[in-house]
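Here are two versions of the same chain, shown separately as structure tokens and labelled structure 1 and structure 2.
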Structure 1
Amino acid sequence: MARYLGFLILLVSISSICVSASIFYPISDAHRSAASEIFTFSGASLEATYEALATSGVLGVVVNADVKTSTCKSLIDTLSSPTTTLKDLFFGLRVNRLLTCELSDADFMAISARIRDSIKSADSLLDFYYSIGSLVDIKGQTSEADVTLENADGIFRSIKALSQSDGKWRYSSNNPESSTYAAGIALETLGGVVYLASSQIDEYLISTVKNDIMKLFDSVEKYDDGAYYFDEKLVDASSHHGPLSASSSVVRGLTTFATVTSANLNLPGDKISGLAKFFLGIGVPGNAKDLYYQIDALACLESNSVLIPLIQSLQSTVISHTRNDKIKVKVTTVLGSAAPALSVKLMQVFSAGSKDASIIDQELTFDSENGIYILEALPESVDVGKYIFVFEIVLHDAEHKKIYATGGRTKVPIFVTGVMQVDNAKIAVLDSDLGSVETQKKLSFDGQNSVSLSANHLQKLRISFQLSTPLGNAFNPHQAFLKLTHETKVEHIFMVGSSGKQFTVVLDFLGLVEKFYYLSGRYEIQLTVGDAVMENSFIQALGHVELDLPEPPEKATRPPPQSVDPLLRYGPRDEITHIFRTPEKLPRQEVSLAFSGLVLLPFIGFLVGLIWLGVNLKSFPTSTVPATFAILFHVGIGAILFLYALFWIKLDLFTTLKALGFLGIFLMFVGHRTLSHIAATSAKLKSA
């Protein structure tokens, strides 16, 4: 466990030291299918329509014909209307250029006249941008309209006046905050001004713009994997621009300006390549705006007069050492077009575990049929594991160095797997004191194994094997476990230790008796050896061992309860035997009966005593009515006592109370009559 943790820490530290390696892939069919899904033309603004059409055009996605006709129809209405805004005119003309709608020359002339009027009063960057851009589009679509700028110099200066010292631009003279996105727009506009100018723009002005571009590139930011981008610091409520839109805008402006002025910008090749890597590193964006920015910038980079970046991509980064897989490199432009004649060289190989690299300088062979460069053989020092391969592009034609940016050295992560050799596998039962071998059997990890061993708690079990890489080096897999499973499904897992190529695990049962919960019986043995680079990782059932362990003492820990098969959850459970309360010890029945008889004795004594005292019934009333009442009185008392007896035997309280209520009322009435009669009689006697 400690060793694995150490390896992990080492890996983390190494990856922080080395420059991170990544692969960038040129535009693929994934982008094309995304474009056909993301863009919707119905109800979209002119800006969104333009973006959708431009991106689809670059990617080669065909636009629906009825979309074209419906867009053209609304477009012509918009462009011919005199109240359309500059922005709508700008995007409308661009859409017109892409769709080639039937806009009449008269309309073009009207629009150009309107725009040339508005330029005179333009003061913000966006006004200039839309006006100049519209005029450039008109010039490209018809030769009838007059689009020359008389005051090109003045316009150039007024746009230039909005620039800042760090290369960024302000949107207008009122607004003090500068933006990178605005810089891109400004460069594009200035390029347009130069294109439309009737007379030559002063060279000095163009060189100041070149300085601005250089200053802008000084502030470019970088990711670890070699991607460069421009960040947008301005937070604007109206429009949100992030690194993608800002970088895209700068690339567009830069390439437009460079093309128009045919200026020699001398920008560093790694920054241009870095920008290309930034746009490609996004992958396939999820929304229309991001996809437009990405594809637009890449289209500008694809063929520009500054530098065209070349992208190296690999087909597969996982190579099998045993199968002799070959590394294949493809070099294309950002949109996937073919590159000029060049060769690819493998310069260095870094291993993930060591800091120093081996210098290779091996050239890859070119397969002209598929247009890929193949590394015929892996360097000798490359065994299984993680490596970083460093490739470099060498252009054949020296002139191409001014046209293409090779991107310097590209670091690519390569994962090399292989079949490990497992030799000399043995399982043995040893006597603990002497270490002598009692039984030993050979194992093979590719076929069936069912060894049958027996051991008691005084012995040891040893499993050993040798593991080596295809090149014969020592190898430490991520997982090397031995699992013993008891019949009752209790499992125990042990790590297999290693020294060099030899892997050994020794189970000393004397010390493990308590860990095994004193469970004797049959244990199934299973060996697991695995790693990411190991192509033949395995889980092998080796057989079983009959283990004889001593009896558990009183306080031994019981094995943990095994998980219940969830399918059995609704089946019958164990029968619960209820433990009844032990009944109290009762006396013998004869004793109880004897005492019951004994209790009646005082009653008999009472009756005898009454007779002895001379009890008589002389004052019992003789005449009928009082006699009846007297009799009823005694009957009533007897009935209540009988009711009590019934209550004890079987009735409940409520029934008894109900009956008692009736009997009580009866008794009260009768008793009252009787006793008042007797009282009257005795009063009469007394007075008499």
Structure 2
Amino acid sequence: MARYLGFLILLVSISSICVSASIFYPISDAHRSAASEIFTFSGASLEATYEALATSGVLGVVVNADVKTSTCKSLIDTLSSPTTTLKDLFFGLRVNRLLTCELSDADFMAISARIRDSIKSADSLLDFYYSIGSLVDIKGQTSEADVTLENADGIFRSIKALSQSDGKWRYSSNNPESSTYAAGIALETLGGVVYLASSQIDEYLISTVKNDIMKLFDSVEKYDDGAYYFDEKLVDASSHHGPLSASSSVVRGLTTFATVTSANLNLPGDKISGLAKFFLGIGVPGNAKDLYYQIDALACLESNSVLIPLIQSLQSTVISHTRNDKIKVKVTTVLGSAAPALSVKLMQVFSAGSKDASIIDQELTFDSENGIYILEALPESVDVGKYIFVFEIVLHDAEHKKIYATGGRTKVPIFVTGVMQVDNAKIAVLDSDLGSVETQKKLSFDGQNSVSLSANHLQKLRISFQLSTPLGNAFNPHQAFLKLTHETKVEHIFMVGSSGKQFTVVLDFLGLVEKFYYLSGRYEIQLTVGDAVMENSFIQALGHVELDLPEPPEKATRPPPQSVDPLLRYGPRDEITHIFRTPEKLPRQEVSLAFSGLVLLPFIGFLVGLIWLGVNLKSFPTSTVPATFAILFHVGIGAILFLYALFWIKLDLFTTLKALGFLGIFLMFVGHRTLSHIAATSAKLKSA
């Protein structure tokens, strides 16, 4: 076991190979911000808690102290419970490693004994994964618990039996479908078996796993930009893993197995660099699971014994020829750590869309203060436009070639911009028959132009200018057109043709009278020249021309109706001032009170009449059931009166009639029972 001592720090747990990279710089501030927003610890499962803690550790995000207090309290209860599942034990121990909760050696020994028993009955890849991973975590947290595997060869063979001929793994012997994600889990588990073995594993078994890894990498897929990734076919929608999770699992398993076994896998450096490009090319994932997979895989690539990928990044891919901008290249690891001693060379440059490349082989100057490589001057053949620059990293130390993956030659798109030179700009009115210049004026695109011309339908208008790049070469912009706008807002657009550096547009008004709808009058002239690499693109008003066109014939096409200004159609309307009716004159307060008294007078007379007649409650039923019906009868009468009041205030006729129908039926029933009881009582009194 002495040969494993060099990896002891890395192997505190299988996952510590990856998440111990918290000393490295985060790949970007955007990832740190995303981690702070996405990860939540309240009510999270142990798996989600571990992923949040591990990712935050790599990115350097500080976790609130309250999280440790609340998590440790529930974690200790979970790990101490005999009914806790293997999965919860696995993630619980990983959380404990990150938070260092107060677990005693006795607790670790009890957990270790339980897990060792579970290994004997394990029959699936996940059972082995959770069990072996838990023992590795325990070994990293205490030295008192016995976690060695006496039958390591047998366990290794049981896991290896689930492998397939294409390098993928099955989850169990009962499941014939293979999975790339399961291959990563299997490699990580086998690394744990080697780490916990009481004696050295058979080298033949190690070599067979190496062959499986090579076969697995034969199935890796590639994007056009050089990014490599692992994917798998959809077997079970509920447990399907996409390219991100599958690639992350393989990277973790590969780096774990290679570190523990000191295996020389001889994997192609371009594939290792391609995997790094895949994870970096994702950007910032939008959910916690994907962010964990991304950062976990990058942390594994940051520190591993296979190959550490080096990444080239440019501060800017837009270079100004006019400002003499310099191309600045920075080479780091995937998490932003400094690269070893190396050189960056510009090997080739070719124009986008062209296969002809210029061989450059120019070494960039290293700025040790800022840690960047600078291309002091662009190659002589590079003018404005879109180019592909091909860079290559050359390591100074030959031993570093066994440690770092440079990814070969890297193609980078570069946009070279500049200020175009505009010369010999002229506008002229020509005689249609002879082509002689009748009126000609010079134009300036640096300031304001207020050219005033006049022409008739027998003449022509010509505008010409020369356009060249900062190196004096001809330049053909994406946009070059002339626009004439009549005073009635009718517009006419004409393309400006070119021949080398010369741009010319000639308008023969005799052939354009129908297109101009025979509209005489003033036309504003505007010239537009623009391109993505042209820093001085412009929309220049040149002035106006007064056109004298013949009268239109009877069947001539009329100008199209002009679109209405949206502000006029949908803008604010004039304010409407409402004039309300003058309130009618109200009577005096004394008159209103007297009227209210007259309205209440009949009710007062009704009460007096009741008293005069001697109304009393002597006949009100006294027994329970008849008294209940009598009370309901009076309540029903009150409800009808209240319904009439609601009808007067807010209800409509149909709603009132509907409610009155139900109340009438109810009132008829309870009233009949009440009157029947009174009649029966009265009959008994008379017979007595």
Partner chain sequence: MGKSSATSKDAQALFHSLRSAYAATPTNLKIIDLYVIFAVATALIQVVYVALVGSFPFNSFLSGVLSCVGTAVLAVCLRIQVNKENKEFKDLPPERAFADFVLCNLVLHLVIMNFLG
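Residue numbering: sequential along structure 1, first residue numbered 1. Here, rigid core means the biggest group of C-alpha atoms that superpose within 1.5 Å across both forms. These numbers come from a predicted model, not from an experiment.
Inset, instruction - Specify the structure that is the form predicted alone; exactly one of the two qualifies. - result: Answer 2, the form predicted alone.
Inset, instruction - Answer yes if the CA of S165 moves 2 Å or more between structure 1 and structure 2 after aligning the rigid core, and no otherwise. - result: No, the C-alpha moves less than 2 Å.
Legend entry - Core fit, then P340 C-alpha moves 2 Å or more between structure 1 and structure 2: No: P340 shifts by under 2 Å between structure 1 and structure 2.
Inset, instruction - Answer yes if the CA of F606 moves 2 Å or more between structure 1 and structure 2 after aligning the rigid core, and no otherwise. - result: Comparing the forms between structure 1 and structure 2, which are aligned on their rigid core, F606 does shift its C-alpha by 2 Å or more.
Inset, instruction - Please state the CA displacement of D652 between structure 1 and structure 2 in angstrom, with both forms fitted on the core. - result: C-alpha shift for D652: 39.2 Å.
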